[in-house]
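Form predicted on its own, single chain, as structure tokens, below.
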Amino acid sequence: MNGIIKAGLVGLGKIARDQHLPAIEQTGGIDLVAVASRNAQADGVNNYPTLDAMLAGEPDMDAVILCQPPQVRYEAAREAILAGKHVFLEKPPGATVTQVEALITLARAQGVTIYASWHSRHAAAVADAKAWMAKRKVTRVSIEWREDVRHWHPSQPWIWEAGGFGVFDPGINALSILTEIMPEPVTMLAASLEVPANKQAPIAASLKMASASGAPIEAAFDWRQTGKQTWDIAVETQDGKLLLSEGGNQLTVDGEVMVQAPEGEYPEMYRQFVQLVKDRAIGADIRPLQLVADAFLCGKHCPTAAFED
């Protein structure tokens, strides 16, 4: 593809305003020309109430960026692909594995790009952690991903509904890093899901996984943490210990800080998307989503106290 990618964004919520709009502004090769949102408008672009209206009003648009809740993303992505548009999916890429697999198949058939974005994989220290682990035998992994849902997802009832993922909305970020840095495949063995009495999605989860060679992998996700947030992945190997902290932006090896950098994940994702579109390529790794689906399939549901968000 030649020239600048003309993109439209669907769903002008917190993540779009905080991350997508600034990242697009910083990225060469892509311009935002339109936004579709029921309840908000963006400055300096054409605004539409729906994706249908945006597709009709912007016939020269090249790509669609989908930032709405995962429960409605499949139909929107399918509509955009059938209209010949490249598609950028905010994470999680869909409400089910089969939905995303169907979208990948459709994108290939239509000759357009589909990009399932995993922003945490682009954290500053993830590539270095992957390279360090590739040369070593992993013996144990421990993940702690604890944050305050009231801070990160204020007034977002969809996230507590079926298909909204609950605590797996942030937890899938940890799983996206895990599947990127592990030199072996990861298998879900068991899970425990804490579901508030007044919600349909879990507020906390404990996962037991294993690598292909049998190394234990445990993860604890919780949405009730206040104060300092915790986004840590600790790895033990036969030749040293690694800690990825700050969501993947700090790397410590055997107690020594090796990488420490500010967040720059979304601009890197957009640079990757621009290249994928130019190459007419597919960028859709669904392993993190598969692990979440497995946790729901094998997980023991544990009722817990009602939660008022």
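Heads up: residue numbers just count along the shown sequence, starting at 1. Computed from a predicted structure; not experimentally measured.
Keep in mind that the form predicted together with a small molecule is missing from the display, and what follows is about it.
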Looking at heavy atoms inside 4.5 Å, which stretch does the small molecule contact in the predicted complex, given the options 235-243, 192-200, 155-163, 220-228? 155-163
Using heavy atoms and a 4.5 Å cut-off, decide whether Cys67, Glu90 and His119 all contact the small molecule in the predicted complex. yes
Indicate whether Ala23 is a 4.5 Å heavy atom neighbour of the small molecule in the predicted complex. no
Find out whether any non-hydrogen atom of Gly11 is located within 4.5 angstroms of the small molecule in the predicted complex, and reply yes or no. yes
Taking the small molecule as it sits in the predicted complex, is Thr27 in contact with it (heavy atom to heavy atom, 4.5 Å or less)? no
Using a 4.5 angstroms cut-off on non-hydrogen atoms, would Thr252 count as touching the small molecule in the predicted complex? no
